[in-house]
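Given next are two forms of a protein chain, the same chain in both, each as structure tokens and marked structure 1 or structure 2.
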Structure 1
């Protein structure tokens, strides 16, 4: 007989009937009735009206019945708080039962009844259960403390349960220790500053001992807790690593990943010349590879984490390229991640194999995978210079397949290859042009147009080609329109005689017939530029572009460090800091790796002992870390507003950042250029945005300690900024870095519309909010403003708001203004 029969009753008056059955004298009938109630509850019917009747069944010596009643209570107590009190007596009684199973059941259920009114009645039973002789009851009670804390934190503290919980870390039973650790960690999360866990070498030793004896899940609780500990020195770090490495041989993938997290974190403290450091590196590779034999979802988590690990410590997996080759039956999310890692591991040594694989993938059927494979070939060309030629010829082969989306992807990446290796592969342009008609995706059309514009002097019929796009100008996407505008202007500057009509046509389309402010603005700028100073126009529009680098897809170093501390968690899967997707975690301390070995910093004070900028971080563009996403594309990329989450919170490392790093920070061209312009040039905020880039600051301000505030120095001379003089300094107040500015109007007219934008900088320093300058600044007036900064940079929204797109666009056309202003 199965339970499914309980689902069948749907008659009218069902509740009434059940009520009668629940109050029956017959035990068996009662139990059947409760089962029917639970069945109804399971299919989503509201049976809360039966609350008193079900609770009446609570006092029973039938365990199964008791469990069902408890289940009912957990579901409905919240909606019937007054009646829930009825249950209290039974809980108290059950917590004293002779059978530990009943005691544990009562204490477990008690905590799940989230009714404030009854919590205080539960304290005494809980106190007893925490000291129960049976470990099964104690481990359940330990978890109950976390539950109660979630409902009423103050009560838990007042009752001294936290201390009892801490004592349980020294319990003789490993399961109790593990659950106490889990409960404490959970509670500590909502008290980021409490020293609840109070990890010291003695407790760490206890945890490491319990690690060998508790269940696989308990091992994960303990490992995750260990990961939040900061060892005193490299010797302690090594000794913990030695005791954690055996976990790498555990059959449970989650245990392995949590162990990897601890090791990746603590090995930061080991001197690289230590033999043990090398041994540890070698030990990490095999378990990471084995994770790829786990279930697909676990593989996915593993791959997302491996993606971080190969960025942090490329040496670990550099010989393991082949294990990332895609299998036919891999789910698509596994295939895409493998592909990503393959490119990260691509090097001169393995590039031939990688390319052969990628070419194979490019002929598969899954469109997304194929696209990514084609892009990957482009990435290889940019990453491994020696392979560029082979990559280009592979891409040409693929173009010959005439498979539409393959051709389009190939053209998009070839444009990037041109950007990386100018004047090398332009011979393929003719082949590309043959495919012009088949391009129907904006990105591919825009790429092709860019190519035609950029190499207009080598393409005989460039004007015809571009003109052909112009016919349907208004049906094109913004990306294509912008690109077409720029390309035609380029063409005009290169071949002015034949293309005057064309350029006028496009300028008028862009400025007069378009509702798109981006397009209009760019159109006007070109127009003015061309009409006022063609020489400057040439310098600006045909300026040499910076080469794109393979580093564009790397995760920004501080974010990477933080993510390494979150290995195995959702943050490591999303490649986003927890503060970006967990509510209420703002202001919570960001996890940082321990100070690097040999960084010369004291490790005695873990609170401030963050790593100094001993190694210059590579110049990176922290776009969303998606390797195969759009390459840095100065001309036409739509603004990626996906800067790794805006967190107006401060990192603990702020002090160091100011203390040790500011000199280099400023010297490296922080370019924090506040700028303002009168609204004279048609579009004031845009100009402001452009200026942000223009003024590379010269003056560096050193600041030895966090509390000392250097006097303001002049950062921007009035003569360079149409009368606006800016002086400033950096200060740290209440853990927040602030930029103090004095803005002086040395011009003749009123200044309004102040805005600020930071250039990318290696510390991710960016304004944490808009620049608040409320009043217009009259001539000879000075105002002081203080701008809080965050390290969540590098691109921030501007005020006045307009939109981000606008700002970015102008920012990209930065030099345009510099020419204008100089002129």
Structure 2
């Protein structure tokens, strides 16, 4: 008969019947009733009303019944703390029972009941159980100390339980040692500065002795504890590695990964010329390979850890490339991880078989996997120079398949190959241009535009190709727009006489018709460069580009060291430090590998989290005040250099955007700088006209002295402020931030007594003086007023960062409104 019958009852008045059964004299009936109570509790019914009746059932010799009652107590003690005290005497009595299972059960349950009133009664039984003659009771009591510490840390310290736990590390039973280590590690994590695990060679020896005899989970606790120890020298490090190495052949993958973590950490202290170092490298490979024969979920965890190990020590698995070849029935997440590791292990010795495998993957049906495979071919070309030609040939073969997403990925990686090997494989550009019409993904379009702009002098119809992209400029993604702007400027600098209209068109689109600040700023910069100094423009835009690095996706070395110290944990799967995803005080300790053998760093201090005095001080982010002060006090005033006078009345529409300033570019060549800034370019239009004088470079007659000023927008509607409408914008004049306001009276009465107040904001902005509205505001009248701002106000981060909340007052009434501070 199964226990499912306890879950099928639908009787009314069930609680009353259970109460009667719980108080029955028959033991079997009582046990059946408790089972029904536990079943009801399991499915979410409230059976707390039966608390006193269930507690009465504790007085029994039946172990099964006692377990059920303890289970009920753990669940409801928190909601019935006063009644839970009724059970204390039974707990204390059970802690002295002749049966060690009952003693352990009692102390375990008391540790799980998180009620402050009970914890003080727990101390004496716990002290006895920590020194119990039976190891099962002692190991249970060790874990109970950690639970009690979580409830009341001060009580545990006052009662001396931590010292007793430390003594248990020397216990004769390996499971007691393992649980004592686990409990101390748990407590140490929540109190990083307590130095509870004061490890020394004698303690380490005891842990290593217990390692061979305890259960698999006990081994994991001990191995994790060993990983936090810093050996005194390379001899001790080698000795520990020799005693941990047998754990690599354990059946439990968690034990294997914990052993790998210890060995990876202690290998840092071994000299590379030591014979044992080479032996250890060979011993690490087979267990890692064995992990890949497990089920897919375990494979994924193993692969994420192997990814870290390969970045740190690729020599461990350099001869094991074939085990990372993808199987047809692997899940996509396993395939992608294997692909990543294959690239990391690629070398001149195995590149032929890797490329053959990748070419095969590129014909698979899984689109995501095919994309990654094509990218992997490009990464191989960049990593192994000798294989670059073969990789390019493979990519061209894939382009000939005319499969849309394959072609697009191939173009993206060929762009990177051009960056790595300039002037070497440009003969393939004609093939790429044939596929121009099929590109519909932003990254592929941006890559193709970059290629056309970079090699415009080799493409006869480069201007036509770029013009075809320009037709739908506003429909393109930002990535494509930015790349198109740069490519056309490059083309113009290489072929100025043929493409002047094209560059005028793109600069106008980028600066006048776009609301994207990145695109607009880049357009202004190019416009200013081209108009003032074409020679400088050529030096900047057509400058020789640095070669791209072999591995762009390597984890930063300091983070990699920390993740190696967390092998076998979630941190190694996420590839993030614990502090990035663990809330609260736990997991925020930053670990690092011990200093390498012969590096000269001190190994005396056991605190491996501290950096040595010889290291360069880390770069720090400036304090908020400094950062904001610098940000808001940029000196954008006009330069003192004299500029020829200009005509202020010139309008943008009639202006030759790239006029006479480019004479040297189009006539005498790029060798000579222009004699003077042309009048047509020097005259900036009014704000409404578009471009403005972005960098205050023209301090002459008729030039506005300030940065770009956004048009005023309505900040406070009249219907929300009893007829007062406020429009405004922000500007900078003479290095001072100004808030330009337009106050409009849309009410029927005169408005007076204006004042303004700012809430705390991200930039510490506050009025530098009172709001000067000198005359009353009559109905239907508008007054323009400028309010100077200071950056000395209180700072508080806002969402969004540039949000500015203000209170406008008149006639002693206040109206709250918000504005966004424009960059």
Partner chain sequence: AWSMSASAVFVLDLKGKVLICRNYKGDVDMSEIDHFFTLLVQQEEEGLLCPVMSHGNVHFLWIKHSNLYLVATTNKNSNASLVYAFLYKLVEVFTEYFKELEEESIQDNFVVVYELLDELMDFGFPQTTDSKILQEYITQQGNKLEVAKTKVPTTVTNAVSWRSEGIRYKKNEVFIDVIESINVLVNANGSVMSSDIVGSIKLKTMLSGMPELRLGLNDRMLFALTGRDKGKAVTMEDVKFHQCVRLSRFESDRTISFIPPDGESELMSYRINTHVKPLIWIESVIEKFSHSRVEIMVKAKGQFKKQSVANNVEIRVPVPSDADSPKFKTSTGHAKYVPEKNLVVWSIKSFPGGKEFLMRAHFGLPSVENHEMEGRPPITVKFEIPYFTVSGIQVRYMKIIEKSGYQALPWVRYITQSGGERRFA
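Predicted model, so just to flag it, every value in this text is computed and none were measured. Positions refer to the first chain, counted from 1. Take the two forms, find the largest set of C-alpha atoms that superpose within 1.5 Å, and that set is the rigid core.
Visitor: The form predicted on its own: is that structure 1, or is it structure 2?
Guide: It is the second structure that is the form predicted on its own.
Visitor: Could you tell me whether the Cα atom of residue 103 shifts by at least 2 Å between the two structures after core superposition?
Guide: The answer is yes; the displacement is at least 2 Å.
Visitor: For residue 486, is the C-alpha shift between the two structures 2 Å or more after core superposition?
Guide: It does not, since the residue 486 C-alpha is displaced less than 2 Å between the two structures after the core fit.
Visitor: Core-aligned, does residue 319 move its Cα 2 Å or more between the two structures?
Guide: No, shifts by less than 2 Å.
Visitor: By how many angstrom is the Cα of residue 45 displaced between the two structures when the rigid core is overlaid?
Guide: The alpha-carbon displacement, core-superposed, is 5.2 Å.
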